[in-house]
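Have a look below at one chain only, the form predicted alone, in structure tokens format.
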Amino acid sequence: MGDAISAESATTSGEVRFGGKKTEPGFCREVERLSGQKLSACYQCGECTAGCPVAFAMDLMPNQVTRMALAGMADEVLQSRSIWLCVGCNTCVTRCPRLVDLPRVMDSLRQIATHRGVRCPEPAIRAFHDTFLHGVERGGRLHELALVAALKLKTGRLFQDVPAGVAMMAKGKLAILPETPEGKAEVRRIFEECKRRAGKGDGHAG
């Protein structure tokens, strides 16, 4: 990938390409606005990639995601598996000498991809995100058992992880009935505000 993003060129039409790939002017600014992070602060030391526990499964390494987003390579970044595989563990943040919050960048990229209708290459992960957010919106907090049931129905993986689920229920880790938390109405208003902003094109699509 290093070769693919090392060569920058400008065509006679003013279109900028990296390694022959078309770039999108303004993409970096959109990511920075949503994430609150300065992508140009990254100097590609690779500490984020070295510490990432799921980098082995990614098609683009974390530092490459940052570099390509900075270069405006929107299609390549938004279609990558990496932005959906990030689990937000913040290991990269603790290792970054420039304190770039890469999980927030990944969140922003997922929002943009969803808003633009980019097909998610990891449908099970997308189903988890949607089910999780819907559960919090509806109940004010997550009810794990309802999440598992809804996710199983959505993905069709009805019997996967059944032994683990039974063991967790036996140890009281999965409550049968959901709690009714304080602030449920406030949580609902947060979701309504996010949807309102999404309607104005603020990029949120969750």
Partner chain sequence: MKSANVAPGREMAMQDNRAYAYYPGCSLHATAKEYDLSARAICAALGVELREVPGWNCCGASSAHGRDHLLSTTLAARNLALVEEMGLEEVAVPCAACFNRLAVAGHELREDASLAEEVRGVLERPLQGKAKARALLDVVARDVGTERIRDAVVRPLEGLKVACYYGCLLVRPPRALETDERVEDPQSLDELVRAMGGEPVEWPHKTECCGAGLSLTRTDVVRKLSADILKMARECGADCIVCACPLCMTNLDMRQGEALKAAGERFRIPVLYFTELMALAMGIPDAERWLKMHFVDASAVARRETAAANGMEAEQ
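Numbering follows the first chain given and starts at 1. So that the term is clear: the rigid core is the largest set of C-alpha atoms that superpose within 1.5 Å between two forms. From a predicted model like this one, the values you see are computed outputs, not experimental measurements.
Just so it is clear, the following notes concern the form predicted together with its partner chain, a form of the same protein that is not shown.
Report task. Decide if the three candidate residues V31, A41 and R116 all line its partner chain in the predicted complex, where lining means a heavy atom within 4.5 Å. Result -> No, none of V31, A41 and R116 comes within 4.5 Å of its partner chain in the predicted complex.
**Report entry** Proximity of G156 to its partner chain in the predicted complex, heavy atoms at 4.5 Å
**Finding:** No, G156 stays farther than 4.5 Å from its partner chain in the predicted complex.
Query - Non-hydrogen atom contact G140 with its partner chain in the predicted complex at 4.5 angstroms - result: Contact with its partner chain, yes.
Query raised in the report: Just to confirm, Q111 within 4.5 Å of its partner chain in the predicted complex by heavy atoms?
Result: Although its partner chain is absent here, Q111 would touch it in the predicted complex, with heavy atoms inside 4.5 Å.
Query raised in the report: Is G183 a contact residue for its partner chain in the predicted complex, using a 4.5 Å heavy atom cut-off?
Result: Within the cut-off, so yes.
Query raised in the report: So which of A150, L174, M61, L70 gets a non-hydrogen atom within 4.5 Å of its partner chain in the predicted complex?
Result: Of A150, L174, M61, L70, the residue with a heavy atom within 4.5 Å of its partner chain in the predicted complex is L174.
Requested in this report: Determine the residues of 116-143 with a heavy atom within 4.5 Å of its partner chain in the predicted complex and present them in sequence order; the list may be empty.
Outcome: Heavy-atom contacts to its partner chain in the predicted complex: E122, A124, I125, F128, H129, D130, F132, L133, V136, G140, R141, L142.
Query raised in the report: Quick one: core overlaid, is M169 moving 2 Å or more at the Cα between the shown form and the other one?
Result: Yes, because once the rigid core is superposed, the C-alpha of M169 moves 2 Å or more between the shown form and the other one.
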